[in-house]
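Only one chain is included here, represented as C-alpha cells and corresponding to the form predicted alone.
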C-alpha cells in the first residue's frame, strides 16, 4: 500500500512539474519532432552552432519565419495557439545551450 501511495505521489508531482513549465510543454507538443533531431535542417534543441546564424537575424525575424512557415516548417510551426510571446520563449528555450 505504501508503494502505491508513493507511486501516485510521484506521478502527481511529475504532472504538476510539467504543467508548471508551459514552454517545455509547448516544445514537447509542437517542436520536439523536428528540433530534437534536426530533421529537414531544423536547428537542433540546445545547439548553439545551429542557432547562431538564425539568432543573428533577430528575434522578430525568427518569429515571423515561424508564423509564415520556413522551408519544411509549416506556418505557425505546429503551434496554432501560440502567441508571438510564446514563439519568442520557445526560440529562447530551444536556442539556449544545454549541458
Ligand code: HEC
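Not measured: the values here are computed from a predicted model. Residue numbers count along the first chain shown, from 1.
Although it is not shown, the form predicted together with this ligand is what the next lines describe.
- Using a 4.5 angstroms threshold between heavy atoms, residue 52 stays clear of this ligand in the predicted bound form.
- Taking the partner from the other structure, this ligand in the predicted bound form has no heavy atom within 4.5 Å of any heavy atom of residue 68.
- Proximity of residue 47 to this ligand in the predicted bound form falls outside the 4.5 Å heavy atom cutoff.
- The closest heavy atom approach of residue 41 to this ligand in the predicted bound form falls within 4.5 Å.
- Contacts of stretch 64-92 with this ligand in the predicted bound form, defined by any heavy atom lying within 4.5 Å, are made by 65, 66, 70, 71, 72, 73, 74, 76, 77, 78, 79, 87, 90, 91, listed in sequence order.
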